[in-house]
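Quick heads-up: it's one chain on its own, the form predicted on its own, in structure tokens.
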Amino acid sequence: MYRFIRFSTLLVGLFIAIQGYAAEAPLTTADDLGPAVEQPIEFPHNRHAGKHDPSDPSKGGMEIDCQYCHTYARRSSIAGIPPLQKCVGCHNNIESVKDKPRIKKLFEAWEAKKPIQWKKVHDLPDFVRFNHERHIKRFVEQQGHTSQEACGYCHGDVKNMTVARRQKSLSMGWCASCHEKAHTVAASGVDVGKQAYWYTFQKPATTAKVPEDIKAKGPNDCWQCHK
């Protein structure tokens, strides 16, 4: 009887906790899996990375490559946030937008010598390790996809967003489903070189030209993501 009471109390406490979390958690849809993160400055990704509109340049984007701002992505596990100096370096020469509120905030921070306190949108648990460099090497440098294609697979169609929103689940199952697919390691006539290294952590058996596409799946060892 005592065990039954303890078990019932535990269930009630768990139910209350779940209800409290559900009340505080933001509503999401299939295309919007993350909360709206309020940033100190509403950075318009669509204006910077969006498609250029030759008929009306004032409305179109500038098609800036993702890696121009997120420079660490190709050489580090993190993508990185551009330093304030890079933002000011561009906007210091664009007189037409200096009167906009967000740009004024930019220069106020620069004059005060304070960094912009950007907030993470795609925040994984501390026990998960994601390496941007390996994915950029594979899909951008080796397969020739654009940064927007490669980055957009995980981050969504950022070029059409203003403030970035999380649109992919980024769950373990979601990542594992991609690793189960056979991705191209080397295309026809391309030197294998060190390409296989990025998938298996092993040097390739040969560096000779390959007669046909070589495909490989992503790592399936737990320690690759959990270290």
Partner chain sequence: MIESGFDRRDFLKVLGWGGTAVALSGCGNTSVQDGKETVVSYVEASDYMIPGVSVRFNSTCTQCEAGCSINGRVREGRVLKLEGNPDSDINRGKMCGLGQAGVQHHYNPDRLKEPMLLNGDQSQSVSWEAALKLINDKLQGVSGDQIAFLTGTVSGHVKALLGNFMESVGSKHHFAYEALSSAVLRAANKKSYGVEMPRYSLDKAKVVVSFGADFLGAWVSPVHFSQQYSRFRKGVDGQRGVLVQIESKMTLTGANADRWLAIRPGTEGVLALGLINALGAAGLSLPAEVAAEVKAYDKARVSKETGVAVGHIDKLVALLRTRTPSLVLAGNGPDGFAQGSENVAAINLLNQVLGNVGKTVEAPVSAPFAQLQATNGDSASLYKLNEGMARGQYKVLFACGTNPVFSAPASLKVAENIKRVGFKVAFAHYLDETAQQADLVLPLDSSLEDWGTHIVAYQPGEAHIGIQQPLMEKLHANTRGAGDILLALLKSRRAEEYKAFEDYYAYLRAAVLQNKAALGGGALDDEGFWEQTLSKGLIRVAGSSAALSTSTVVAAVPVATAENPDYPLTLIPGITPNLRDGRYANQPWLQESPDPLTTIVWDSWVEIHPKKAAELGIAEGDIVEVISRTGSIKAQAYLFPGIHPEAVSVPLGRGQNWGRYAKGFGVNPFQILDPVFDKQTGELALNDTRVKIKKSGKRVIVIKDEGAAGGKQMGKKIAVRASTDEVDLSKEV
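Numbering follows the first chain given and starts at 1. Small disclaimer: the values here were computed from a predicted structure and weren't measured.
The same protein has a further form, the form predicted together with its partner chain, not shown here; the description that follows concerns it.
Participant: Although the partner isn't part of this model, could you tell me whether residue 35 comes within 4.5 Å of its partner chain in the predicted bound form, counting any heavy atom of the residue?
Facilitator: It does: once its partner chain is placed as it appears in the predicted bound form, residue 35 has a heavy atom within 4.5 Å of it.
Participant: Just to confirm, residue 154 within 4.5 Å of its partner chain in the predicted bound form by heavy atoms?
Facilitator: Taking the distances in the predicted bound form, the answer for residue 154 is no, it never comes within 4.5 Å of its partner chain.
Participant: Evaluate residue 96 for contact with its partner chain in the predicted bound form, applying a 4.5 angstroms cut-off between non-hydrogen atoms, and reply yes or no.
Facilitator: Looking in the predicted bound form, residue contacts with its partner chain do not include residue 96, since no heavy atom lies within 4.5 Å.
Participant: Residue 92: heavy atom within 4.5 Å of its partner chain in the predicted bound form?
Facilitator: Residue 92 lies outside the contact set for its partner chain.
Participant: May I ask you to list the residues of 58-76 that have any heavy atom within 4.5 angstroms of its partner chain in the predicted bound form, in sequence order?
Facilitator: 72, 75, 76, in sequence order.
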